[in-house]
Structure formats: structure tokens, C-alpha cells
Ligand code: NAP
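First comes one chain, alone, set out as C-alpha cells in the form predicted on its own.
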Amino acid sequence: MKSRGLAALQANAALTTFDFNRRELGEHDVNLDIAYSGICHSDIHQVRQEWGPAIFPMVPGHEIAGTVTGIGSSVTKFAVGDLIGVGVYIDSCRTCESCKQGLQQYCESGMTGTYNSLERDGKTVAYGGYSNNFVINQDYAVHIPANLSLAGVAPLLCAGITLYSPLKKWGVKPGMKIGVMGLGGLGHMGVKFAHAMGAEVTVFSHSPDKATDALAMGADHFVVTKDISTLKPLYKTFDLILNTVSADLDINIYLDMLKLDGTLVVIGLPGVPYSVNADSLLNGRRRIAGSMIGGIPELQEMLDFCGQHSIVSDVEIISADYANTAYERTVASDVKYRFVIDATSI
């Protein structure tokens, strides 16, 4: 299938227009025209080869929203014209215990990334969503509710599920006190979801100018973290804290804010390991946990939840020729709160 996308032709290269071929429509595949593709900070890390050796040319993008344009002969999940979403991975082994449980993101042999990976045949390069079209096995795509803006939906396929999954895993209920560290592309989705689940939400941020946005998204409280002493009155307050921050910080301060049996979930990827004081864990039977995106069933559940509560990501829609500038602004945390590429401009 003839395709056109934005690609980094080598590590650290600027994104440029790139023509390539996707695989032909298979028996269980669907074709889609991409409407919008979100820019995730992990796209930048991989284009700049900051997470190890990468495959070039690279077409990034794993927050994909579009419309089905063709289906394989055995497809039953989708019909032409359906709104469709594709997230962080496009396949997995399907046979391990994780895959059988619908937790494909934890596939024991490794999930197949939407880009910067080889498909399960071991030779076909996976090209991502900064493109005009896509082809995917029906089992690894999800339905998008018709009442949601496709531009706002695109980041839900990564940023959205990354925050929804831990909130569901740790059983957030009305009245629970939830802390969200950071109000960026990830954190703002945590605020929206936790609020919709009935929790009392506190945002921790080093940016005072984000307070108005946080409260508008559903946060009940906004705490500026520049002066750590302001956090002491909050010790032993929270049932769950979601850490979406990628910067190095003193994690013990936030552990101390957990109630008995509280959990701090690490979602962001700091550049260096955290130094944890055992006393911060022992004094309250507290836990540090991690969480990574979600399985296909949970991805669909999340989108259905968004449809019911009219939740989408806050986005800045850009044309393809602005993508390199958007990368620089993303690194500088200068976006409210996710860039989304209009795929018709590619």
C-alpha cells in the first residue's frame, strides 16, 4: 500500500516527507485513513536515539485516530466507515499468559511497537502514524466513540490509557484522594479521569501558571512544588499518587504523603534511578509501583469511558510542516497539552 509520512532518515535528523510501502491488506487486517496523529515525547526520544539503537528511516507516531477504508475477508470487528484508533503496539505473541489475559503490553516475548520495531515476521519494518494511512490486524485496533473529536482522541491512545490504567488497577472510587504529579500531556489526562471517577484530585506542579487549567480540568487543589515546605501539611493524605514527571526529584517527599497502604505509581521515565528511603515505605506500609499503557480490552474500555464522560485530550492541532518546531516546544514543555498532526497535511 502506497503511503506518505514524516520520517527521520537517521538519528537526530529533522522530520521530512517520506514515501514508503505498507503491507498489503491481509485476511484479518483493516486499512485506515489517518485523520490525526499525536506527538508523544517518546517519539522524540526514539528519533534522537536516546533509548538505544533504533531503526531508520523511522516514521514515528503511536497515537492514531482515523477512519476504516478497507477490511480483509475475515474481518468481523470493523466495517468500512468506522472510526478507529491505534495505540502503542500493533501485535504481540498472543499465546503467553499476559496476552491471554488481554495484557498485551506485558507480552512475555515483547509487544510489537507501532514503529521503530520489526513486525512478528522479523523482517517487515513497522512504520508509525505520522502518515496518511495505516494497516493493522483488527485485534490490535479499537473503536472510537462517534461523539468525540478525533483530534482530541488521538493522544488518548497513549497518554490517555497510560493514566486510565493505573487508576483502574488501584481501584479509584468516589471520595478517594488522588495526587497527580505534573500537569503535562500525561498528567492532564490523570486529572480528567480521576475527577470523572469521583476522586478528590490534587495536582503537584512547579508551574504556578497552570493552576487555572488544572482547576478547569477537574482538579480540586493545586500545589506549587517549588517550596518543598508547603508539602509537609499534606503528609499521610493521599490514597494514590500518580507520578507523571520525567525529571529527577526526591521521591521520598511524595511517599511520605501517602496514607496507610497508599501507593505511588511511577509513570514518567526519569533519567536516573530514584533513591528511596526505606523508612518512607515502612512507615505506613506504602508501595511504589509502575504501570505502562494498557491492554486492548482496557484501551477500548477507556475510550468508551471517554465517550460516556465527553473526555478528550487538550490539543494543539498542527500541520506536518510544523512538526519539527513542535518537537522543540515539546522538549521545552511549551504545549497545552499535546500536539496533534493533521494527517491531511502530510
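Counting begins at 1, following the sequence as shown. For clarity, every value in this text was computed on a predicted model and none was experimentally measured. The term rigid core refers to the maximal set of C-alpha atoms that superpose within 1.5 Å between the two forms.
One more form of this protein exists, namely the form predicted together with the named molecule; it is left out here, but the text below deals with it.
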Okay, which stretch from 148-156, 228-236, 185-193, 73-81 lines the named molecule in the predicted complex, with non-hydrogen atoms inside 4.5 Å? 185-193
Residue (of Ser109, Thr124, Ser207, Ser98) lying close to the named molecule in the predicted complex, criterion heavy atoms within 4.5 Å: Ser207
May I ask you to choose, among Ile253, Cys93, Leu269, Leu118, the residue with a heavy atom within 4.5 Å of the named molecule in the predicted complex? Leu269
Can you tell me whether Val201 touches the named molecule? I mean in the predicted complex, with a 4.5 angstroms heavy atom cut-off. no
Examine Gln104 and determine whether its closest non-hydrogen atom to the named molecule in the predicted complex is within 4.5 angstroms. no
Whether Asn324 contacts the named molecule in the predicted complex should be assessed with a 4.5 Å heavy atom distance threshold; does it? no
Would you please decide whether Met292 lies within 4.5 angstroms of the named molecule in the predicted complex, comparing each non-hydrogen atom pair? yes
Can we say His45, Trp51 and Ala247 each have a non-hydrogen atom within 4.5 Å of the named molecule in the predicted complex? yes
When the two forms are laid on each other by their rigid core, does Val272 show a Cα shift of 2 Å or more between the shown form and the other one? yes
